[in-house]
Ligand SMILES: NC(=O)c1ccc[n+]([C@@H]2O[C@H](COP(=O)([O-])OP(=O)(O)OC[C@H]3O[C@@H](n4cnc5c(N)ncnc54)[C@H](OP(=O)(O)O)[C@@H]3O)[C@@H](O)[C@H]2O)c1
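Just the one chain here, the form predicted on its own, laid out as structure tokens.
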Amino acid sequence: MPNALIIGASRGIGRGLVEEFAKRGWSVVGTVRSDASAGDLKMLAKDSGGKVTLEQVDTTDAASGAALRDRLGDAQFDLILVNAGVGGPQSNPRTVTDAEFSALFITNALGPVRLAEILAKSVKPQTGVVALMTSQLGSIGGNTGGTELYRASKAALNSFTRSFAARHKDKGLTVLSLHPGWVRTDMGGPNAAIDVATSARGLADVVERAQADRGDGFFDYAGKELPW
């Protein structure tokens, strides 16, 4: 039975991914920031027959990530997927405050890749996949303007992710940057193009294909490769 660690699974796309991989026969550990934020993920775990278990981690806190690694012990995963991000302030480089900018970049760029680094030894060498949830808005080649701060934070995450892949190349890991699509979540809003289940199915397909192909890349939920 393949196993996955899905970071940021309390709701939305993260929760959808936990459910999708469990349906496919995977054993899944889903993380939440706190017990109070677990939502109906607790019920999903309860009804999963042991396929789904819960852990806690705050992706913006390095000490929390280290504590999670210690609790996982010698466990190794076929997939570690870090799903974390916020829309951030609707301002621009002239109007954003230093505090707003710092919070956005820690949450969307530094926090996810730092946690991936902390957990790198928990990925199965030569066969494991590390995936970080980004956005097509992080593509510099595809930048047509708008949402400048969010774009920049995701572009930073993409750059960090490529550096992560280079640093861990000797381990034979497959490293993916994933765009989930415009999804009807709290962040995507009610008018978004697709629902959570559609995004989760597509992303799971991309991950399983990457397990076989062993190729890094920047892909959307439909498997389309996106420009960096």
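A residue's number is simply how far along the shown sequence it sits, counting from 1. As the structure is a computational prediction, the values presented were derived from the model and not from experiment.
Heads up, the form predicted together with this ligand isn't pictured, but that's what we're talking about next.
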> Heavy atoms within 4.5 Å of this ligand in the model of the complex: does residue 84 have any?
Replying inline: yes
> According to a 4.5 angstroms non-hydrogen atom cut-off, is residue 188 in contact with this ligand in the model of the complex?
Replying inline: yes
> Does residue 77 reach this ligand in the model of the complex if we count a contact as any heavy atom within 4.5 Å?
Replying inline: no
> Should residue 109 be classed as touching this ligand in the model of the complex when contacts are defined as heavy atoms within 4.5 Å?
Replying inline: no
> Okay, which stretch from 29-37, 168-176, 47-55, 65-73 lines this ligand in the model of the complex, with non-hydrogen atoms inside 4.5 Å?
Replying inline: 29-37
>> Contact check in the model of the complex: 60, 133 and 154 versus this ligand, with a cutoff of 4.5 Å between any heavy atoms. Do all three pass?
In response: yes
